[in-house]
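Okay, so here's just one chain, in structure tokens, the form predicted alone.
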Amino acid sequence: MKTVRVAVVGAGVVGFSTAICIAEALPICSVTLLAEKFSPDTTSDVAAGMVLAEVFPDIPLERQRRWFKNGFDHLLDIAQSEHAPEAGVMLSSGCQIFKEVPAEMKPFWSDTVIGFRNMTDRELKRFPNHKFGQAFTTLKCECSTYLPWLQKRFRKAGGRVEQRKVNSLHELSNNFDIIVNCTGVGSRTLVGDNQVHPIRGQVLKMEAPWLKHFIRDGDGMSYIYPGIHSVTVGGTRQVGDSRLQADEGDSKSILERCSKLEPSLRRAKVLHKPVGLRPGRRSPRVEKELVELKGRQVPVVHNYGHGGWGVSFAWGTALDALGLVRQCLHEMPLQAKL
């Protein structure tokens, strides 16, 4: 059997996770990952990397539960291994608090994280503007460390990496048999998906080594996530906004909101103010299609549109994308495989 040439486009957490799943599981495939930007210049690098989730409206809940569990278990294995410091993956305990009692008091992922429970009145006393809270242990993944570690793992599995901008799938049709699209916001232009749009996220990386527990407001707008080297304090969720420079007004607003939750932040030093564009979409697109490229039908597997939940769902959707690549292999004409 001849080698099947697979291109994975996109070097964020979804792209590298997908490329590794294919390279490690399918020795018949020669996998090349292509991207214009690599760590530290990807959207994933700005992400706080907390493993949490919200519900996507168009994906069956069972499938989302599986994505989340696969992602959680994958990162938990790393966090509990000798690779944890090099991969930048750690366990993180804390709370999610709500100004009003949410309709869904037990999120679909509550059975997957560790020790999920409702907070006591005594614990909530600390947050007088909030009426309800949940305490649990989850994972935090520092993507600026995790992405280079994934790249190393991908190369070890025989994967190749190429830095170049892919403007059109037609550019890849002569050199690859299967294309896997993990381009996030870039899918708007690369495959003409107008459902995907930028959601601008600005955070502050702060020096506050005394903070050990995360706090997240249930509205998703204010959060404090202690990490290995700094504390990620956020955030913004500006739909359709593509500005990549830090905004002083946003920085002030973030600090003001989060200092109400954690007053000691007023004494913390701001290290830098990164900005990233989340790939907003009503629901992620994880599916395959046949695309006519230069007169031939080329299978394209899509895996993008995770919004702010790329780290949480990357490994889960990568395993689904691997399943779709397997289907493409089965459907290929026999002469292509010989």
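Note that residue numbering follows the sequence shown and begins at 1. Predicted, not measured: the structure shown is a model, and the values here were computed from it.
In what follows, reference is made to the form predicted in complex with a small molecule, a form of this protein that is not presented.
Q. Of the options R164, R243, H229, R155, which one has a non-hydrogen atom that comes within 4.5 Å of the small molecule in the predicted bound form?
A. Among R164, R243, H229, R155, a heavy atom within 4.5 Å of the small molecule in the predicted bound form occurs only for R164.
Q: Check whether L76 has any heavy atom within 4.5 Å of a heavy atom of the small molecule in the predicted bound form, and answer yes or no.
A: Looking in the predicted bound form, residue contacts with the small molecule do not include L76, since no heavy atom lies within 4.5 Å.
Q: Indicate whether V203 is a 4.5 Å heavy atom neighbour of the small molecule in the predicted bound form.
A: Within the cut-off, so yes.
Q. In the predicted bound form, does G184 have a heavy atom within 4.5 Å of the small molecule?
A. Because a heavy atom of G184 falls inside 4.5 Å of the small molecule in the predicted bound form, the answer is yes.
Q. Can S44 be called a contact residue for the small molecule in the predicted bound form at 4.5 Å between heavy atoms?
A. Judged by the heavy-atom cut-off of 4.5 Å, S44 is in contact with the small molecule in the predicted bound form.
(Q) The chain here is shown without the small molecule. Which stretch in 57-65, 23-31, 308-316, 286-294 comes within 4.5 angstroms of it in the predicted bound form, by heavy atom distance? (A) Partner-contacting stretch among the options: 308-316.
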